[in-house]
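Take a look at this single chain, the form predicted on its own, given in structure tokens.
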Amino acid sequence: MSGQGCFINGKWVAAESGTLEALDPATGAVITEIARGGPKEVEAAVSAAREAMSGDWAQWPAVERGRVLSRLGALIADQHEAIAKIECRDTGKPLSQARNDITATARYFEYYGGAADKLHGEVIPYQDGTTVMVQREPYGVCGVITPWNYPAQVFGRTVGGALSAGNSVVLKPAEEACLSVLTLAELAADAGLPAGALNVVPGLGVEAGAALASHPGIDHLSFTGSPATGTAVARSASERHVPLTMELGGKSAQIVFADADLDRAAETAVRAIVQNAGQTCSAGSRLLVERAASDAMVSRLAERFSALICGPGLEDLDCGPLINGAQKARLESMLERGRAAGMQILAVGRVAEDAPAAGHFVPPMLISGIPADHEVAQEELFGPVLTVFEFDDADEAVALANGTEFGLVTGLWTRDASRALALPRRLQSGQVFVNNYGAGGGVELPFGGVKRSGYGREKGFEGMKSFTTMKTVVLRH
């Protein structure tokens, strides 16, 4: 039943509207069916979550919340390979990348399990005869809407943070890939999470997602996805003045100066765009190279791109398929318009000869010649395409890096210590990696963007705090 139901109040519940097909992006075949949850199921899930906030879950001491999250992390680690294979087939990503995702998911619950009893308030010096305490408290019922590109990881960083702070959760996963999330919800119950503390309603965004974003019983919303959908979610939340955490993607640049370790930069740049077939919010999709090093850097990149192979995730090649035909068509259309604007293909990988014809495969591609204001240079492609630009000095590099509406992650490659310390302050980005590029970074590192990339932070202790509100208590004695 877990493959076809909504997980509400600790049990699987069939959706009134029936089911949706879960498709393998590598073959187009039906893997299984998932519930088509809608307003009715969201209503039941919110009611269960609110009841949990007025029942035993709300009374649990922080140390007990931490213990159950730590147990969940251990259960995920115990079933690591099975969950990784589910993630691999459902999203299409190579198996080794899916394994890394599940390792990170377990780590989130280990981290937030340990953090739960360390969320402290503070005392503020004030007037004589008073004691002022600032306390952090859970919002209550948190609505969480997660994407299809990293279902398990985003489950870990959002649900882990929300539960550790004492909230209850209603989660709507993306209909394109949510089988790992359904598995994790059941494991959470096995770990001892009480009924109603975590509820999962799969279904279409326009049905279940819209119902969750507009539900009057939600006290806080967390959304990860496209800017267009994020705008709709924010509009719904604004009508009820509900606080939001929004992670809306990026057009991240890696800046490579001539004094950098070019071999290491090239290897990292390829990995940062090929991971998950480029379907990563923090993908390093733009490479800005100092003109003096451009030929040497492009030569290194071209050699690596030409050797890349994409195919089914279970074959664990360099790159898997895109999530669906619509995403592939969108990418190919944007690249066609790029060709019309002067785009040059510097190197391209290949699709494995035995890859299923129905799979949504796009070979990794290294390109240049795109005007900086073209959509290929400005918009998220969400595919394994790296665009190269040249610059002459640090000012031009910063202008190019900041020259989109996004601001999620930036990479900076240089051996100049002064430059390495000074330039991050000028970059409009939520994260800056110097001489490395961690994409979303580690579990401990606050993650989020500026400008069109969203607001608020996930991961680390700041991610836990984002699921709390502050209360000031002024005591006269």
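So that there is no doubt, residue numbering starts at 1 and follows the sequence shown. This is a predicted model, so every value here is computed, not measured.
There is another form of this protein, the form predicted together with ligand ADP, and it is not shown here; the text below is about that form.
Q: Heavy atom within 4.5 Å of ligand ADP in the predicted complex: which of 254, 387, 199, 146 fits that? Just give me the one.
A: Exactly one residue meets the criterion: 146.
Q: Of these, 153, 224, 282, 180, which has a heavy atom no more than 4.5 Å from ligand ADP in the predicted complex?
A: The residue in contact is 224.
Q: 346 to 354, 72 to 80, 122 to 130, 201 to 209: which one contacts ligand ADP in the predicted complex at 4.5 Å, heavy atom to heavy atom?
A: Residues of 201 to 209 come within 4.5 Å of the partner.
Q: Please run the contact check for residue 219 against ligand ADP in the predicted complex: heavy atoms, 4.5 angstroms, yes or no?
A: Contact check for residue 219: no, nothing within 4.5 Å of ligand ADP in the predicted complex.
Q: Counting only non-hydrogen atoms and a 4.5 angstroms cut-off, does residue 368 reach ligand ADP in the predicted complex?
A: Heavy-atom contact with ligand ADP at 4.5 Å: absent for residue 368.
Q: Would you please decide whether residue 173 lies within 4.5 angstroms of ligand ADP in the predicted complex, comparing each non-hydrogen atom pair?
A: Taking the distances in the predicted complex, the answer for residue 173 is yes, it comes within 4.5 Å of ligand ADP.
Q: So in the predicted complex, does residue 102 come within 4.5 Å of ligand ADP, heavy atom to heavy atom?
A: No - in the predicted complex, heavy atoms of residue 102 and ligand ADP never come within 4.5 Å of each other.
Q: For the stretch 323 to 344, which residues lie within 4.5 Å of ligand ADP in the predicted complex by non-hydrogen atom distance?
A: Contacting residue: only 327.
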